[in-house]
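One chain is shown next in structure tokens, namely the form predicted on its own.
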């Protein structure tokens, strides 16, 4: 499960308190995915968000995503490729139901071929593409490449190898599930609870799995 840190102003005092906590519990963040919620410092234009993330990384935090900030604040920095949950949600609100967001040179976007509360993608999802469907489930017939992203209001079904990132449950919450024919993902998330590849047992890698929420954490089970 990912940890969420919420830096607060003034940052000097916040980092001092954080350092005291880390001194008492050395290694607390070791090998744990961390989401940085920057909502409390976002409005302060004098705050260097990239430097703030650098400082978190220097303290042993493995940052996998940010939230609560505009993507523009990290543009041009080495952190701009982090998954930005706020930006994803804003993009989703602007997305026509069933639209596929892709890099500019991609082929025309496919239309949904299933019911209004589900989206079927009958082709691979390539690196750099984002599939965002807020209204229900997403089914992909094919692999999801490393660097690709699938975000759904409900559950996600991948009939192929899952190498990228998937975020389920934007609307359905804890009831959502993730299914894939072969697990090799970078990150999986249901209702805001994250795991990265380092967090789940290697016995699940390369196998057909189901992922669901159970007592506040992600539960993996094999389907083969």
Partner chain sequence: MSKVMVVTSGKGGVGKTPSSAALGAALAQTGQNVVIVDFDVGLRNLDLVMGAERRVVYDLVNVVQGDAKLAQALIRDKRVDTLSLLPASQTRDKDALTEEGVKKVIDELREKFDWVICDSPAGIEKGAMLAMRYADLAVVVTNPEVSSVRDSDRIIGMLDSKTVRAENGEKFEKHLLLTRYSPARAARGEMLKVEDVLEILAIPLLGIVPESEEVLNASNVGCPVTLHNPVSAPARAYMEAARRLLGEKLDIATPTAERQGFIGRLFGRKAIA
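Note that the structure is a prediction, hence the values are computed from the model and not measured. Numbering follows the first chain given and starts at 1.
Separately, the form predicted together with its partner chain exists; it is not shown, and the next lines address it.
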| Segment that reaches its partner chain in the model of the complex - one of 32 to 40, 45 to 53, 151 to 159, 178 to 186, heavy atoms within 4.5 Å | 178 to 186
| Is the gap between residue 118 and its partner chain in the model of the complex 4.5 Å or less for some heavy atom pair? | no
| task | Decide whether residue 139 counts as a contact residue for its partner chain in the model of the complex under a heavy atom distance cut-off of 4.5 Å. | result | no
| Is residue 73 a contact residue for its partner chain in the model of the complex, using a 4.5 Å heavy atom cut-off? | no
| query | Is residue 163 a contact residue for its partner chain in the model of the complex, using a 4.5 Å heavy atom cut-off? | reply | yes
